[in-house]
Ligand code: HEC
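Single chain ahead, written as structure tokens, the form predicted alone.
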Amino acid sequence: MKANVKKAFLFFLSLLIGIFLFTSFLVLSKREFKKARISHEVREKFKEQLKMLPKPPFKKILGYEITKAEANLGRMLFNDTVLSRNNDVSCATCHLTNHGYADGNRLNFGALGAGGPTGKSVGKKWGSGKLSLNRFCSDDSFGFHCDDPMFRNTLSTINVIYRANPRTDSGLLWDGRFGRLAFQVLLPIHTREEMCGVNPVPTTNNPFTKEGPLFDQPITVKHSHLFNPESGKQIFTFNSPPQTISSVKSFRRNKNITYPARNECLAIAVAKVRKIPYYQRKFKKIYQSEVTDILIGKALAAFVSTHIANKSPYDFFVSGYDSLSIKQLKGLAIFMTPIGETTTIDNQELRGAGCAHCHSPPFFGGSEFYTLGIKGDDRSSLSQPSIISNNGSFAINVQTTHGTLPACHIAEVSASAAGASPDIGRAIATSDTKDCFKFRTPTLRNVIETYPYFHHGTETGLNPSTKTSHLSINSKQFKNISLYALKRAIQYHLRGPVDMTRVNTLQPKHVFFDPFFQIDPLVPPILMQFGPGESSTHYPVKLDKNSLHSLLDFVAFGLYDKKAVHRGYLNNRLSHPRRVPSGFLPSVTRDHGVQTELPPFGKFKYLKRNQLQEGKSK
């Protein structure tokens, strides 16, 4: 009797499970069928615009086809703090795998900065491990503190190969300066705020003298800049004749303490790399040459050019797979439909957001420049009133290769001694007033990883008064904040240009308040361009809640290639190594070292007191 009851129970249980599985199959089949139908509908409607990302143009941009071995060498250099003068930061300080090869800070601190993860604590994927949200000024262990953060928010290196244009020498950075990737990757090594540092050369135990362990042979720098050897004052002239550096003394000829010039910082980096056996072998094998500044640039360029995002749900969708969710498909339709127009998807009328005008497939941005009137960060040296001259022009050291900078600012209006001034952006590169306050349209590929947003990273999704250095944010919270900040950035674009001064004058009883805390009242609204010139009357673009979330979902996750920070285009490893050839901590933060510290794994031969000594630094 009990056996029969048990059999009956098992029979009915099996029947219920079967019914559940069959029903689930029908539901899933119905949902998948619906998604397939909508996928076909969207694909057909926008088939002329939905393009696949082409192969990386290595030969066109770099001049030759790179190898995996070269990219692997670049990976080690990229993560090795030996390239910085104080041995305390690497390229990875600002380009982290767990931040989509950006860094998570509004304006980051380079040499002499502290905070953030180390090579052992940084996560291998977005938002994992320790985050870099709290970088701050530190010192060189001799009492010298850093003073300025970097100029602008860090752009991701993902798909950078598609932005460079060596023919016009343009396309990189927020303002479009420089287009030769192997040239640009060397710039941080000799820039004060990045890897060169603001601290002077030690007056005792100076390792950079002729008698010291590094300059036993002169270093010829071909990536050269002019500077006055008498005073050490930098003359910002790029592409100068090669210069040979045989030492960096503690005092200049005019008896002033030495703050290393650009060439000197680069020479110090080359001298240190030359002393490390691993790099000696690799440069000889790959380039048949000893270590030089130009070859360091080639190796770094090879590595960053393999940072390719081309396996997002969008890419598979264009290839014919139904990889986008129904929500993302509608978001794509809203994204592609011009502003002021509507499209019908799945019998639902959707209002266009016109995003594709500036962020067109397959790159989704990266090459155009627009004025959005975004407020900058007052800490940036490009926002300081001291650099504004009396006649209203933007006065910095003139670069002869770029000409005289234009008069973007109006004295006592957009610039005054009382407060900061807007960064003039693209005009720095072109010297043309029509480019005042324009900034690059960044690619939206993997944009969810590259929080915070805008050229000074001012869209953090947090209250402007909140200091991230005092926050304890875990991985889940960070991802939620990133998504919220991206949503706010999209909403700012949808609102369009606003002359808040004019609105407040005409409507004194209804004072306009910027809920995004992003509009800079000093940027002339007449210069703002959010889309086609004729479409300004269509702003603000009012999307319903579901449409906004669909658009957000497509931008955040439809264009997200999760593997882009794991494996490069040549199947080379992209993650931060646990060890680097110098013996320093593979660092994205301070290594607790000092300026005089030499590479632990370096082998040194140098003359001292007429005796040849060999040894390793401690």
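Start at 1 and count along the sequence shown; that's the residue number. These figures come from a predicted structure and were not determined experimentally.
Just so it is clear, the following notes concern the form predicted in complex with heme C, a form of the same protein that is not shown.
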(Q) Given the stretches 309 to 317, 268 to 276, 253 to 261, 191 to 199, which is the single one in contact with heme C in the predicted complex, using a heavy atom cutoff of 4.5 Å? (A) 191 to 199
Q.
So in the predicted complex, is heme C close enough to P442 to count as touching (4.5 Å, heavy atoms)?
A. yes
(Q) Test of understanding: in the predicted complex, would T154 fall inside 4.5 Å of heme C by heavy atoms? (A) yes
**Q.** Exercise: K282 in contact with heme C in the predicted complex, heavy atom 4.5 Å
**A.** no
**Q.** 4.5 Å heavy atom contact, S90 to heme C in the predicted complex
**A.** yes
Q: Answer with one of C358, I481, I519, I326: the residue that has a non-hydrogen atom within 4.5 Å of heme C in the predicted complex.
A: C358
**Q.** Answer option from I490, L527, I294, M76, heavy atom within 4.5 Å of heme C in the predicted complex
**A.** I490
Q. Using a 4.5 Å cut-off on heavy atoms, which residues of 155 to 191 contact heme C in the predicted complex?
A. L155, S156, T157, V160, R163, L172, L173, W174, R177, L181, Q184, V185, P188, I189
